[in-house]
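One chain comes next, on its own, written as structure tokens: the form predicted alone.
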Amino acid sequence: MEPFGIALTTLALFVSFGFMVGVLFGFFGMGGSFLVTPALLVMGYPARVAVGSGMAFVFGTAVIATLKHHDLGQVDYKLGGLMILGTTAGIEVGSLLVYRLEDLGLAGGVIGITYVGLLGTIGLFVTRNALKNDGSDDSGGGHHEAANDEIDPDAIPDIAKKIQSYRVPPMMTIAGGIQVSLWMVLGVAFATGLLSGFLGVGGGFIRMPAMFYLIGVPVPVAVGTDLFEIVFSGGFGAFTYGLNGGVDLSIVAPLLAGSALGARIGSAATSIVNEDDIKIYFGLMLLGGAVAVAFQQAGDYFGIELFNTVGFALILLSAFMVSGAVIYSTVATMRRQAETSAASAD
């Protein structure tokens, strides 16, 4: 007997893989297409099915995670709507650049090098800043403002403060009572969409840090708002591929079965784990991804299949380690809080 038409071992693999990706998705607002599509390709699925099923999984997981972030008050729907508009325009321009580079025969190399450089740069930047600020709040669960709560101006990154200082009308109020120019929001959205369309990825690893470092949105709200955007982009992609038979429900269903729990755990963890820890884990995840993609690019360039295998193994290893660290930090923080409450009661 084979549930969903696949072997029990494959079913167990998909459910556990879905759980891991769900934790990352709920915690960071990214990680779906970054992991699922390459995994399906390595397992031998056709590219159309790998991409389409990955899109469907991303859509389903984003819905689950967004609902949890909504319950925690960590979704800014006004900002999300504007980001969708700007990102969509940026993706169109980015795709045109890819077509132009393809005509010149340069697309593969340029995109690969840009991807590695971007992952590495963002990863180093986020990790460095988080480590520099680490230790300022040892209690855990710090700075987890809901979308409508006022935030401490000192918690806003210096880059975001500079951007907010350019008061170009119309001004708007976003998460945490932050005043920022509408044109700045649309500009950041367009730039992240441009990179997303150029690299052919969902773009969560670009949008989430952009919302925090460039606009000043608190990290948990940036994650929740990014997931809200992914609901639309993932849903559109899944619908498009589904019309052409690119969505395999025997793949999507067990992945979603695992991610249904993982996404809620990851989303809930953003209100428990210290915000600096979130940024450190996010940065390490991107650094691991940069090394992995570098191996895959080298494998393609030199024709060494072993490099591709090593790159894929590194992606999975970094994802398992980071998702495990998220769960460990959540449990450890909850235990410390329980011990503190017990001591106070005594």
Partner chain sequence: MIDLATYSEPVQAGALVGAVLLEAIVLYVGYGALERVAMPVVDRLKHA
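Computed from a predicted model, the values in this text were never measured in an experiment. Positions refer to the first chain, counted from 1.
What follows is about the form predicted together with the partner chain, which we do not show.
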{"query": "Listed residue that, although the partner chain is not shown, lies within 4.5 Å of it in the predicted bound form (heavy atoms), from L284, V291, L67, V49", "finding": "L67"}
{"query": "In the predicted bound form, the one of V75, A269, L214, V252 near the partner chain [non-hydrogen atom within 4.5 angstroms]", "finding": "V252"}
{"query": "Heavy atom of V36 within 4.5 Å of the partner chain in the predicted bound form", "finding": "no"}
{"query": "R128: touches the partner chain in the predicted bound form, heavy atom cutoff 4.5 angstroms", "finding": "no"}
{"query": "Non-hydrogen atom contact F59 with the partner chain in the predicted bound form at 4.5 angstroms", "finding": "yes"}
{"query": "The partner chain contact in the predicted bound form: V63, any heavy atom under 4.5 Å", "finding": "yes"}
{"query": "Interface segment, criterion being heavy atoms within 4.5 Å of the partner chain in the predicted bound form, picked from 215 to 223, 180 to 188, 231 to 239, 77 to 85", "finding": "231 to 239"}
{"query": "The partner chain in the predicted bound form - contacting residues of 251 to 265, heavy atom within 4.5 Å", "finding": "V252, A253, L256, A257, A260, L261, R264"}
